[in-house]
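There is one chain below, alone, in structure tokens, taken in the form predicted on its own.
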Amino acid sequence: MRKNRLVAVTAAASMTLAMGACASGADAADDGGPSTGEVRVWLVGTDTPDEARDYLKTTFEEQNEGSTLVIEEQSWDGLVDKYTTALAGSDAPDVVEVGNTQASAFTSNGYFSEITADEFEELGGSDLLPGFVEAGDWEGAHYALPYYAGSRAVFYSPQLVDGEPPATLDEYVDAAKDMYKKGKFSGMWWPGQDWYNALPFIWENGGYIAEPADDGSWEAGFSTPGGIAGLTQIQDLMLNASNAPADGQETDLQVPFCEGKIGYLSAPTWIQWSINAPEEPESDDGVPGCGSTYGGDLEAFALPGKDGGAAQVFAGGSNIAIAKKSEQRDLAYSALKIMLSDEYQSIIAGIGLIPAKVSLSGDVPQENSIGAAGVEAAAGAKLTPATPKWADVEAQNVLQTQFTRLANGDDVEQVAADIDSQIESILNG
């Protein structure tokens, strides 16, 4: 059902972005724009519920008499290539959703209309998720604003896991290894290419992905003492707590979970819908869930930090922006205001996603442990380095390849050195 938001931008697409961005110096609405017209909103995937879509269309058309709003759903697969072509063309959409790790590749190349300081305050200002604001900024200006976030939590079924959730990261590692030693199943599930779940171990131990140095260059931090400590814990879990394939990817995680093969499953909170999907899919390409078995009493907790509390986890999610080539910027802004309104964002929160506004996090259903864990984890969530060249790190599968080496038992310090060398070469190239 719900797909991971973290769609990598291909290296070829990054080059196309740099070459093909709109070069005009003014927004289409500099002359005031048309008073009426059709606004096209591109939403990606199915995470935006029908209730929110209906509210957006109805409210927009009530507030802008004579104008219409059309929502066109896009697929995450091939999204960047499609956006590259569409946003540079003569028939660009007006408002677009992009993955948070994709945003800087577009903002840095002039595809989005700048959000002025006054508009930023009107749309939420300091109440907007700060990490997602940063992801959509470029050279001190706002371009793509937060839309929603999806934090990660650790899922389990009390049918398979006994006792209270661990209180610290070390206890989490020990508990997963203990379950594995008993020979029943994976204490936790770690496919070798899964780097998303690795980042909390780096951060919690004091390491970092990459940070700008005083001279403006990027320095990677996997070889720092904290980075090495985190990678050591990761490899320990891969080798001594997980039965996942060493070269496996983070896809269809509900399958082994629903087979009763996993104790702890760290995943985006939206995986709850996949776990609770019907045991018999409606279509041939559907993936079965287990709502009547291990999904029936599904529980979750926030990954614990090194010293307790919630760990810093990687935040998936989306940003929204007005296309630079929108021919009706005023109407596009009207749509953006609705999408960031309390009413609209409360609908988003109601299905369990983290809303764009911090003040509305209480609207996420927290009657069960899943909603509470998601909100707790989101409070300290972090993102990848805010540079458009990060897209090339993902496109070249740097972390996927190196974490597969960890899963195969390679030397931790050598892997760390290779990660840093590759990341710095790309970000500083």
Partner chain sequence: MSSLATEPAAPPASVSSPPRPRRRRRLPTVPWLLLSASILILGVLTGYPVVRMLVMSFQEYERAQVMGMPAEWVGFDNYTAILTDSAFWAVLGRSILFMLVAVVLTMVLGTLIALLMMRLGKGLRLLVSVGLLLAWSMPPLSSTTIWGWIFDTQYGLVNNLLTRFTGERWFGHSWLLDPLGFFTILTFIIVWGAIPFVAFTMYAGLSQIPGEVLEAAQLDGAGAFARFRLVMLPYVRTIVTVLVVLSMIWDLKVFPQVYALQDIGGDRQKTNTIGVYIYQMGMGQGHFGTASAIAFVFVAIMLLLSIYYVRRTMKEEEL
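The structure displayed is predicted, hence computed values, not measured ones. Positions refer to the first chain, counted from 1. Superpose the two forms; the largest set of C-alphas matching within 1.5 Å is the rigid core.
Omitted here: the form predicted in complex with its partner chain. The next part is about that form.
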4.5 Å heavy atom contact with its partner chain in the predicted complex for all of Trp189, Glu259 and Gln422: yes
Arg152 within 4.5 Å of its partner chain in the predicted complex, heavy atoms: no
Exercise: Thr232 in contact with its partner chain in the predicted complex, heavy atom 4.5 Å: no
4.5 angstroms heavy atom contact with its partner chain in the predicted complex for Asp297: no
Partner proximity in the predicted complex: Thr84 to its partner chain, non-hydrogen atom cutoff 4.5 Å: yes
Partner-proximal stretch of 317-325, 347-355, 196-204, 334-342 relative to its partner chain in the predicted complex, 4.5 angstroms, heavy atom: 317-325
Single option in Phe222, Tyr156, Tyr111, Phe132 placed near its partner chain in the predicted complex, where near means a heavy atom within 4.5 Å: Tyr111
Heavy atom within 4.5 Å of its partner chain in the predicted complex - residue from Ala167, Val255, Leu239, Ala141: Val255
Its partner chain in the predicted complex - contacting residues of 393-414, heavy atom within 4.5 Å: Ala395, Gln396, Asn397, Thr401, Gln402, Thr404, Arg405, Asn408
Thr232 C-alpha shift between the shown form and the other one of 2 Å or more, rigid core reference: no
Post core alignment: Leu298 C-alpha displaced by 2 Å or more between the shown form and the other one: no
